[in-house]
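Read the single chain below, which is given as structure tokens and is the form predicted alone.
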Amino acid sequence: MGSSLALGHFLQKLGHTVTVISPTNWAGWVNWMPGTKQVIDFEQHKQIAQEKIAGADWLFCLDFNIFHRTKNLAEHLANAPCTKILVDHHQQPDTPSFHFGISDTSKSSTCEMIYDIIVGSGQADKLDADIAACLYAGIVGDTGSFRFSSATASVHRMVADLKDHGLNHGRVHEGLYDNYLENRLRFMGHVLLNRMEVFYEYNTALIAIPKQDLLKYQIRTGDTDGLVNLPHSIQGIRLVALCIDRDEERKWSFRSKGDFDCNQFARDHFEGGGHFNAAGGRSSDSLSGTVESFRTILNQYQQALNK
């Protein structure tokens, strides 16, 4: 959302008509971001979204590098007759699907890349408080509030420049972390107490969330963001796996410390991928079935997780 809105604001300043489309709904706690109210939820407004895509001259695909990541939106992106531009920082992009673009795994976030595009275009004077807030929100999320190794010196120099362009970083942090509904906090407590398993022999933690938990606590897409990072606070944990029971699939998220490759793990076993220490995947199996598979797979990695 941060990269899409920031690019949207920038292109509008250049005189373009811009529509931001999200493949799914999003959590209400990001609605503070400038421009969110104009974003089209594809699942809720398919006809409008399809018309916008069909009539577009340029299609920017941000923070995903293969169409199927957008689920039901994928076929419309693939069939769009316009010029398609990729801006992403994940591994192994589907480059043949795009006419132009950048896929740079050394970057902390797609928001950092959008900043580079704006500055590199010679239009840094177009940066303002709204663009800065959107960019900063995405950077904070993808760098774990600057604690991950992806928060390079250039990231901190960028933040300093955003401050010079009106960024109120305190307000962004408040919007990101002090803006949840009560149900989300109770959901997180329930999950940590009742859905988390710790396998000390593998230095691994697993959280498996059934669909009834999502319904009980009225959890929306985005409300589970950050949950996969919490078990890393347990001493000695090197791998965290989060599995959520969605309607059409079981969605996996993986986070690791050190030299354990989450990207390869997700690609080998869960139809996924991402970054070295952060990746995602999926399964068509039941929640219990895919969780049991994960437990079995762990046996192969005991030595790697105990280095």
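Position 1 is the first residue in the sequence shown; the rest follow in order. A quick note: this is a predicted structure, and the numbers were derived from the prediction, not measured.
There is also a form predicted together with a small molecule; it is not shown, and the following applies to it.
**Student:** Taking a heavy atom within 4.5 Å as contact, would all three of Val87, Asp94 and Thr110 count as contacting the small molecule in the predicted bound form?
**Tutor:** No: no residue has a heavy atom within 4.5 Å of the partner.
**Student:** What stretch, of 37-45, 23-31, 272-280, 53-61, brings heavy atoms to within 4.5 Å of the small molecule in the predicted bound form?
**Tutor:** Going by heavy atoms within 4.5 Å, the stretch is 272-280.
**Student:** I'd like to know whether Arg69 contacts the small molecule in the predicted bound form, with contact meaning heavy atoms within 4.5 angstroms.
**Tutor:** Yes, Arg69 lies within 4.5 Å of the small molecule in the predicted bound form.
**Student:** Could you confirm whether Ser253 comes within 4.5 Å of the small molecule in the predicted bound form, counting heavy atoms only?
**Tutor:** Ser253: contacts the small molecule in the predicted bound form.
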